[in-house]
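Below you'll find only one chain, the form predicted alone, shown as structure tokens.
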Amino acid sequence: MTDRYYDVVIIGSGAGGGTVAQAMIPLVQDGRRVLVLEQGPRLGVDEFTGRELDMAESLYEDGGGFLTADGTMTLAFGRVYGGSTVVYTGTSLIAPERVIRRWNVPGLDAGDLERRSRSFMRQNHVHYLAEDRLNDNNRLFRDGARAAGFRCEQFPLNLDGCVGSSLCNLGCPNAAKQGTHRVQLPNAERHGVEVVTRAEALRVEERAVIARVHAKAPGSKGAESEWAPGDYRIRAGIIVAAGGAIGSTSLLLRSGFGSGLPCLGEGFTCHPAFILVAEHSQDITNDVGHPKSFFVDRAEAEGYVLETCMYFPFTTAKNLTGAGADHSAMMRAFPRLQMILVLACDSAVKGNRITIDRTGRPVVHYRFTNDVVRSMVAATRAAARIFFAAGAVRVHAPTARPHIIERGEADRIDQRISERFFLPGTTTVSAAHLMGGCAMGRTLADSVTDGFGRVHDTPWLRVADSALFPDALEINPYLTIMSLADRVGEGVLSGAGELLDSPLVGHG
């Protein structure tokens, strides 16, 4: 095993890790050594082909097919330089004040998070798309929502030079999306922060990370790792876990912290989601243009959010409930399909948690509560009304039997779409907003860290990602993760002198 020495080691390069890496620039300028470990590869711009099956294996954990313990939900999260900021659509929303107030974390202020969020919005070129850049799928949602009586809002997006390829979830082939791989990480590297890719953090020991650098597999995408393949013990004054809710939580569990942190792994939430489609009588532009421009926020009132979306044929086919002639007919109508994504705003409940198996691999236990099912059904009814108000001739609803609702049945939506038809394992559900597991709070009895991501009773260990959320956020968590990570980085800069100067950390 090779020994290395750094002042700060950051595990993960997504919204949390990339933000902390940038925040460490002043430390590097003072002569300190900062390292980022990323499990995934570093891809060149020309390697983003936009082909579904080609990109999924290179960008996502388990090719995008990571399942909950009972197999009823797929969890999507990135494993690449830039983490999940590479594979999400760029939506950039500020955390609602009511949510932060409900979290009730000492020292955590909604106004402070908003100030930090707006700073990152400026840095990441967040703006609204102009009217002439909207495709039919988005215009139909906006017009249908208004006609059906819903308040429709436009998403601010972190784009610079978008040409409307609609490939956001497969990694933008035009380098337009301003994730950490385009903004924060390159900035940090220009100032001397080191990044090592294909580096898997196996466990955390006392002031050290045990990591394994993997060789590039023949024919795989991405550059070789910056370090030679092999095992490393990386000693550090401060270690920051920023591998996402599942990655950071499972790392701490593998490292034996569960015995002293009774809340470790608890409180997992994820915004369970599924795709709804509706057929129009004419072709519409759905696979060109940015896929996600508008949303309807019913989180506070009814526990759901509706968003415009576009998924390519393979993903659409596997998300449509049912099989046979109806499924085939809907897929043949792909050029005429309008799509809406349903997100249920779940809550942290007992039993929904992250654990590890005997090999140390993460296992996610998740049960759909009655409240979540009610929210998903209410959202499906609302989406059906929007579809028909936008002119659709038929709607595919996974919580209807049969799944196809014809336009002539538009006045029977409440009867046709029912909670009794939501069957876990047969209704295709996925989630990408993975939160919780290392919750912020007051004490060991209710949390894993304090409001600045410091793990209780372990001052040299921090968490800086969505694992910190004590409960679900009602929106895309991207800006909130960055803002919390910025607080973590600020805490490292302001109070880490004694830790960094400890004799346990050499400079070899």
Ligand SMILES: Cc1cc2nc3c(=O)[nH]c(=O)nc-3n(C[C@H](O)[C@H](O)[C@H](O)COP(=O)(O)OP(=O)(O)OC[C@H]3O[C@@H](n4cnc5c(N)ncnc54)[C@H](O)[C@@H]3O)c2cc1C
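Throughout, we count residues from 1 along the sequence that is shown. Since the model is a prediction, treat every value here as computed from it, not as a measurement.
What follows is about the form predicted together with the named molecule, which we do not show.
With the partner removed from view, the residue among Leu484, Val9, Ala21, Ala15 that has a non-hydrogen atom within 4.5 Å of the named molecule in the predicted bound form turns out to be Ala15. The named molecule in the predicted bound form is approached by Thr91, whose closest heavy atom lies within 4.5 angstroms of it. Using a 4.5 angstroms threshold between heavy atoms, Asn169 counts as touching the named molecule in the predicted bound form. At a distance threshold of 4.5 angstroms between non-hydrogen atoms, Leu37 is in contact with the named molecule in the predicted bound form. Although the partner is absent here, Ala245 lies within 4.5 Å of the named molecule in the predicted bound form, judged by heavy atoms. With respect to the named molecule in the predicted bound form, the three residues Pro96, Leu343 and Thr428 uniformly fall beyond 4.5 angstroms at the level of their nearest heavy atom. Heavy atoms within 4.5 Å of the named molecule in the predicted bound form are found in exactly one of 66-74, 474-482, 27-35, 446-454, that being 474-482. Interface residues of 67-81, taken as those with a heavy atom within 4.5 Å of the named molecule in the predicted bound form (partner not displayed): Ala76, Phe77, Gly78, Arg79, Val80, in sequence order.
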